[in-house]
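Shown next as C-alpha cells: one chain only, the form predicted alone.
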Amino acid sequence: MISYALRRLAAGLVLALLVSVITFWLLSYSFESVVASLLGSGATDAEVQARMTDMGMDRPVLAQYADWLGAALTGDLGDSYFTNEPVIGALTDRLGVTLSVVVTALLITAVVSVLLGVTAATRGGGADRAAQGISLVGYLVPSLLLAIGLVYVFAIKLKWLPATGFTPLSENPGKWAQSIVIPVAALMIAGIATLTAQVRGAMIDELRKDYVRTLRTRGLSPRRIVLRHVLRNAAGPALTVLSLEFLTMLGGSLVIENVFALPGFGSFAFNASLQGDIPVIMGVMILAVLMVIVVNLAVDLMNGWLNPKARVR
C-alpha cells in the first residue's frame, strides 16, 4: 500500500510539473500585454520593451521557466506584479478562507447525503421518493439563484445573516458561522443532489447481492448489516464522487467569493487572471494541482482501507 501511494504521489508531481510547463508557456504569449498594463495606457513601445528587459522577459521562455521552477522548489513563488506582496503568503492567507467554506460545505454534504441515500435505499416508499425529490430540486435549482434567494430572505428581510463579508473563525466563531451560512448553502445544494443519488444507487446494488442474504440468514440485525457491511462496500464510489464534489466546490468558490465579497482563494485567482498577474496565476495553478493530487491520493487510500480488495501492494 505504501509503495502504491508513493507511485501515485510521484505521478501526481510529474503531472504538476507538466501543467506548470504548459501554463508558463501559454502565459509567455501575454508578457508584452501584461507589461503594457503595468505601465499604463500612455506607455510607448520602447518603454514596454525596456521594462520587459528589466523584468527578464526578453530572455528565452525556457530559461525564465527554469528560474521560476528553481525558486518554486524553495517555496518562493515570486511577488505579485500589481500588489508587490509575496505570492505564497497571499495564497496561504486566502486559502484558509476558502477551505473554511468549502470543507464545511463538503462535511455537511457528506452527512446529509449519506443519511438521505441510506434511508432511501433501506426504507423505500415515501422516504425514497422524498430523497429523489430533494435530489431533483438540487439538480434543477441553480446555486447562484438559491444564494440570491437566501440573501433576500435571511439578510435583507429578516436581517439574521450578513449579505457579504467574512469574519475569521479565530476572531469570532459566532460571526464566522453567520458569515459562511449562505455561501455554504450555495455550494452544497448541487453536491447533495449528486451524492445522495450515488449513495442510494450504490446501497441498492449492495443490498441485492448474495452476501446480504447470507448475513440475514445468520440472524444479523438489519442495522448491523447496513452499517458494518453494506455501507462500507458502497462507500468506495461515494468517496470518489465526494472527491469530485470537493474539486467542484473549490471551482465554485471562484464565483461565490466574488458574489459575497469573501477574501478567499477563488476571488484572488479571479482578479489575478483579469489583471494578467503572472506570478499569482502560476501560484494558483500549482496550488490547485497539488490539492487535486492530495485529494485523489487520500480517496485512494481510504478506498483501500474500507475495501481490502482495492488495495494495491
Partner chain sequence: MTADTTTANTAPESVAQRISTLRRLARNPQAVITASTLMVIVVAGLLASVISSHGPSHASLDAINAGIGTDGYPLGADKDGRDILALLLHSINTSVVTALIGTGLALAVGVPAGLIGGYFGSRVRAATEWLFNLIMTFPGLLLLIVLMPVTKGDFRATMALFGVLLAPNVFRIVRNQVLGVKNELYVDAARVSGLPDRRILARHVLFAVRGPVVIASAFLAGTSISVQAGLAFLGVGNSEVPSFGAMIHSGFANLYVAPSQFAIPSLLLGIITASLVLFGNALRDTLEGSPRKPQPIVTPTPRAATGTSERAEGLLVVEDLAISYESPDGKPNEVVRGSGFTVQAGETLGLVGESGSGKTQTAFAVLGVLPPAARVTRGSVRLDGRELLGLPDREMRKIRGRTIAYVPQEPMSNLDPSLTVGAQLATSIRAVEPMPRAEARQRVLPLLGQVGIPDPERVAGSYPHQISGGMAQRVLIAGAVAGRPHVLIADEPTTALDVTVQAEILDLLHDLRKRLNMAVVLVTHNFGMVADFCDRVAVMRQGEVVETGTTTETFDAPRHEYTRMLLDSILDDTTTRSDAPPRADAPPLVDGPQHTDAPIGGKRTS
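Everything numeric in this text was worked out from a predicted model, so none of it was measured. For clarity, a rigid core is taken as the largest C-alpha set superposing within 1.5 Å between two forms. Residue numbers count along the first chain shown, from 1.
Beyond the structure shown, there is the form predicted in complex with the partner chain, which is absent from this document and is the topic of what follows.
Looking at L39, L247, M52, L62 here, can you tell me which has any non-hydrogen atom within 4.5 angstroms of the partner chain in the predicted complex?
If I apply the 4.5 Å criterion carefully, the residue I get is L247.
In the predicted complex, which of the listed residues (L9, M302, V295, V19) lies with a heavy atom within 4.5 Å of the partner chain?
The residue from L9, M302, V295, V19 that makes the contact is V19.
Given a 4.5 Å cut-off on heavy atoms, tell me which of 145 to 153, 70 to 78, 89 to 97, 168 to 176 is the interface stretch with the partner chain in the predicted complex.
Answer to the contact question: 145 to 153.
With a cut-off of 4.5 Å between heavy atoms, is N233 one of the residues that contacts the partner chain in the predicted complex?
Taking the distances in the predicted complex, the answer for N233 is yes, it comes within 4.5 Å of the partner chain.
Given that the partner is absent here, does I281 sit within 4.5 Å of the partner chain in the predicted complex, heavy atoms only?
Yes, I281 is a contact residue.
So in the predicted complex, does A121 come within 4.5 Å of the partner chain, heavy atom to heavy atom?
It does: once the partner chain is placed as it appears in the predicted complex, A121 has a heavy atom within 4.5 Å of it.
Can any non-hydrogen atom of M57 be found within 4.5 angstroms of the partner chain in the predicted complex?
Residue-level check for M57: no, no contact with the partner chain.
What residues in 210 to 230 sit within 4.5 Å of the partner chain in the predicted complex, counting heavy atoms only?
If the 4.5 Å heavy-atom criterion is applied to the partner chain in the predicted complex, 210 to 230 yields D210, Y211, V212, R213, T214, R216, T217, R218, G219, L220, S221, P222, R224, I225, V226, R228, H229.
State yes or no: after fitting on the rigid core, is the Cα displacement of V255 between the shown form and the other one at least 2 Å?
After core superposition, the displacement of the V255 C-alpha between the shown form and the other one stays below 2 Å, so no.
At a 2 Å cut-off on C-alpha positions, does L274 qualify as shifted between the shown form and the other one after fitting the rigid core?
No, because once the rigid core is superposed, the C-alpha of L274 moves less than 2 Å between the shown form and the other one.
Given a core-based superposition, decide whether the C-alpha of L244 shifts by 2 Å or more between the shown form and the other one.
No.
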